[in-house]
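Form predicted alone, single chain, as structure tokens, below.
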Amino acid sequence: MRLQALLVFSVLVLVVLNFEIWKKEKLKAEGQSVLLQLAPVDPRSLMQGDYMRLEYALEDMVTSEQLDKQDKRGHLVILPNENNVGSFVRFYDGEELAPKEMLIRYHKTNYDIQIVPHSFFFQEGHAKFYESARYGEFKCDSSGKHLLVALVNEKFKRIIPSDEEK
């Protein structure tokens, strides 16, 4: 009986995990692309290996007066410019979005908002490739779910490390 319960539970866990992976892959393939400008931060951690800690310029566009009126979690309305870089328009209140406007989820802290993820991990020894990162490329759906898919340089090109340049 215990073996059967363990097998059923194991299958259930695998089904849930694979469903979540499928949702992320679908968002990555079908989501609308937008760039968020990065704010400079330290790109290394001795305990975790090579990674870039991420902060977004978009987080600084919100005033404390606007923030005081908002819930702990919600959505920002952003508008991509001609280079597809999103900028803050307003907090989302359920209103109809204008053409090209997009939603992105945020979490409110005591004094600001945060857009996740807060870090981008990369292969050890590839830090020099990501030093030129100026934007995070996100795939977003219409409900505001988003997924960081790449870092982008100042020329709006995805950063793709190559072992030949190491």
Partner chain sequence: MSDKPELSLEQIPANRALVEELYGHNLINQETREYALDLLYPRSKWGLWASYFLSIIGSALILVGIIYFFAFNWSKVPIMAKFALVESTILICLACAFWRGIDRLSGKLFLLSASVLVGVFLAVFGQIYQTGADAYQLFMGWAALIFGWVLLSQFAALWIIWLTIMNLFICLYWDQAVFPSHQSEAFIFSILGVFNASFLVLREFLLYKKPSSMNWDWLGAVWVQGILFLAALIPLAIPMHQAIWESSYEGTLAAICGAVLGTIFHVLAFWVYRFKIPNMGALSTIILSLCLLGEAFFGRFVFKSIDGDGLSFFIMGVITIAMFTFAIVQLRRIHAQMEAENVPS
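Numbering follows the first chain given and starts at 1. Remember, predicted model here, so these are calculated numbers, not experimental data.
The discussion below concerns the form predicted together with the partner chain, not included here.
Asks: Heavy atom within 4.5 Å of the partner chain in the predicted complex: which of Q66, S33, T109, S132 fits that? Just give me the one.
Replies: Partner contact (heavy atom, 4.5 Å) among the options: T109.
Asks: Using a 4.5 Å heavy atom cut-off, are P117, F122 and L148 all in contact with the partner chain in the predicted complex?
Replies: The answer is yes; P117, F122 and L148 each reach the partner chain.
Asks: Is it the case that K24, even though its partner is missing from this view, gets within 4.5 Å of the partner chain in the predicted complex, heavy atoms only?
Replies: Taking the distances in the predicted complex, the answer for K24 is yes, it comes within 4.5 Å of the partner chain.
Asks: Is there a heavy atom of E154 lying 4.5 Å or less from a heavy atom of the partner chain in the predicted complex?
Replies: Heavy-atom contact with the partner chain at 4.5 Å: absent for E154.
Asks: Indicate whether the partner chain has at least one heavy atom within 4.5 Å of a heavy atom of K128 in the predicted complex.
Replies: No, no contact at 4.5 Å.
Asks: Against the partner chain in the predicted complex, would S10 count as a contact residue? Criterion: heavy atoms within 4.5 Å.
Replies: The answer is yes: S10 has a heavy atom within 4.5 Å of the partner chain.
Asks: So which bits of 1-21 sit within 4.5 Å of the partner chain in the predicted complex, heavy atoms only?
Replies: Contacts from 1-21: R2, L3, A5, L6, L7, F9, S10, V13, L14, V16, L17, N18, E20, I21.
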